[in-house]
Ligand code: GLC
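Starting off, we have a lone chain in the form predicted on its own, written out as structure tokens.
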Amino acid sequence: MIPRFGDGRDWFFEKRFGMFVHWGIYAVAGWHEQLQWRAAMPQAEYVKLAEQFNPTNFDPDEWLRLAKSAGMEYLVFTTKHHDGFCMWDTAATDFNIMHTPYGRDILAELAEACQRQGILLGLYYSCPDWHHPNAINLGGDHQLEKPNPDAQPDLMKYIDFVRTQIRELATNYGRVAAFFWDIPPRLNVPDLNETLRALQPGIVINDRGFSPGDYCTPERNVPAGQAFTRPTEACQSVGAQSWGFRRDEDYFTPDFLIRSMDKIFAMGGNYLLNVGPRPDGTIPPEATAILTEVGAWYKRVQESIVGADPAPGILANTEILTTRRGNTLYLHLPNGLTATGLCLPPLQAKPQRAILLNTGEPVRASVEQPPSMFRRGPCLRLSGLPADGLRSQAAVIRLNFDNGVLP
């Protein structure tokens, strides 16, 4: 079993599916959230996007209704991305949401909506900052190749700026359940995480900040294996090209995302699925449709994830992942069904019930020696599975056994 945190932080193991939101003035351009770096846009040109940012259709309750309809139970919001623009009313810099035509504290509105709707709030904060004159700007990872004209690199001054900002974030917006640092600075400043923990005792902190955190964060990647050994939250976006809003986005198929999610969930990890709202504050219809379909799958199979632990080693076939709750075993097939039957050596016990959670229909189960297993002896066989009907969607099957049957 993956070790728990304790100290009021174990919500992380109970709320397994979250919404990631990348949103900032880069949405105005509709190209990529790293527009300033990837398109080599000069600072003087980039900052003008703030003059056009006026999301009059922003409705945080609508975001959260979409999240809840997909089964998501927490949200992580980009308070400051690499461009340095702050989506809250910060006293540390004028490069913030209050100095736009919108002129209102977006984070405050979102935090209040999360409290109303019972969604836990997590905050994303970028370690690099392409706007702050003292920020690290040495041409390294996610740093501008040409420093801004007013750059005055001073690491300690920039750390003081970060310290001020995280105090604001951890003090002024109610409960903060998670803090998502981004782009590890390869610099150890332990008092930053200590400050977050002191101000928000129930917070969980990721591993991309200024000191080791609580959980690891594979990005756009499904690790190999059958079970994580430490707390993990994988993150992925509905868009293949960008995390922020992109007008000509290449969207992943729901089936692709579902397969990725099932593998992560079965290994004991959380999944943070990102959307990038448009400049007006609305979530693109393509993203909404994806979350709706992904959420329908998640809610059907949720019992195999929440409250169930990874159970590797039960089956000889390592392509089938297993989770377990007591005497109930769940079979996860992230790559979908390739045939209408499954042989499950070395299991030799027939379950009391076998249910395909994707559809709710019963599955035929028998203990026999099929021809393909002639060298192994009898084993549990499931048959009559609707392989064609599920296409490539991840399949999850529940097996209820008598007490003492499972190892």
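Predicted model, so just to flag it, every value in this text is computed and none were measured. Start at 1 and count along the sequence shown; that's the residue number.
The same protein also exists as the form predicted together with this ligand; that form is not shown, yet it is the one meant from here on.
- Contact with this ligand in the model of the complex, defined as a heavy atom within 4.5 Å, holds for exactly one of 175, 142, 99, 324, namely 142.
- This chain lacks the partner; the member of 271, 243, 179, 77 within 4.5 angstroms of this ligand in the model of the complex by a non-hydrogen atom is 243.
- Residue 168 falls outside the set of residues with a heavy atom inside 4.5 Å of this ligand in the model of the complex.
- Although the partner is absent here, residue 81 sits close enough that one of its heavy atoms falls within 4.5 Å of this ligand in the model of the complex.
- Mapping the unseen interface onto this chain, residue 348 falls outside it, with no heavy atom inside 4.5 Å of this ligand in the model of the complex.
- Interface membership of residue 23, defined by any non-hydrogen atom within 4.5 Å of this ligand in the model of the complex, is ruled out.
- From the list 372 to 380, 52 to 60, 29 to 37, 334 to 342, the contact stretch for this ligand in the model of the complex under a 4.5 Å heavy atom rule is 29 to 37.
- Annotated contacts: 354, 365 and 402 are all free of this ligand in the model of the complex [non-hydrogen atom within 4.5 angstroms].
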